[in-house]
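Just the one chain here, the form predicted alone, laid out as structure tokens.
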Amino acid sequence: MSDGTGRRPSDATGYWKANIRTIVGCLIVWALVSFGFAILLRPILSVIPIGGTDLGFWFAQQGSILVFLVLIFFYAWRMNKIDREYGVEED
């Protein structure tokens, strides 16, 4: 139900569900990149060359860091959006 401003009324349960969903999604991407691509799937990714080395090594040394930076910006953007949806944003 909207209050006429396009915002949902404050709903703590919905807010935290959206927050936890965002955190879990970020953690899944983090685990996939740091453990999956860099360690578990490294033998499979070693046949794909990138920048003079293989993709598994690249993820372990540089790619995971870049993905983590993207995750930080994504999390900040997504939390700002969720805050606006639930009317708890800062001015």
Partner chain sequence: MDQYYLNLLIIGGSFLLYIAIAIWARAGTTSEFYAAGRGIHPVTNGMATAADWMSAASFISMAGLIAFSGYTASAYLMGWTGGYVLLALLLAPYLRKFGSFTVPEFIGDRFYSRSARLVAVLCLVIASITYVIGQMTGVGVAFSRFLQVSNSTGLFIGAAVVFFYAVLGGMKGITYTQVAQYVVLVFAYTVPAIFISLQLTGNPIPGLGLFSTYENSGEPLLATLNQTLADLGFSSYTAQDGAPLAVLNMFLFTLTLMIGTAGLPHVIIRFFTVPKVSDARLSAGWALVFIAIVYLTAPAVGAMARLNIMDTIWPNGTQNAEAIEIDELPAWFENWQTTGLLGIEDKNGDGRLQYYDENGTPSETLGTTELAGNELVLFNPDILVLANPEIAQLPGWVIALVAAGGMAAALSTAAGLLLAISSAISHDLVKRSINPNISDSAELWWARGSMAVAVVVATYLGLNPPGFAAQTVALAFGIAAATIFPALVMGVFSRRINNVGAVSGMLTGLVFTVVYIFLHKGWFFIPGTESFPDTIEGSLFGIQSTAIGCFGALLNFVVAFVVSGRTADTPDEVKAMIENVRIPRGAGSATGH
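Think of the rigid core as the biggest set of C-alphas that the two forms share within 1.5 Å after superposition. On a predicted model such as this, the values are computed, not experimentally measured, just so you know. Numbering follows the first chain given and starts at 1.
Keep in mind that the form predicted together with its partner chain is not shown, yet the notes after this line are about it.
*residue 66 near its partner chain in the predicted bound form, any heavy atom under 4.5 Å?*
Yes, residue 66 lies within 4.5 Å of its partner chain in the predicted bound form.
*Hey, in the predicted bound form, does residue 48 get a heavy atom within 4.5 angstroms of its partner chain?*
Contact with its partner chain, no.
*Those residues of 11-37 which, in the predicted bound form, come within 4.5 Å of its partner chain by heavy atom*: Counting only heavy atoms within 4.5 Å of its partner chain in the predicted bound form, the contacting residues of 11-37 are 12, 15, 16, 19, 20, 23, 26, 27, 30, 34, 35.
*asked:* At a 2 Å cut-off on C-alpha positions, does residue 51 qualify as shifted between the shown form and the other one after fitting the rigid core?
replied: After core superposition, the displacement of the residue 51 C-alpha between the shown form and the other one reaches the 2 Å mark, so yes.
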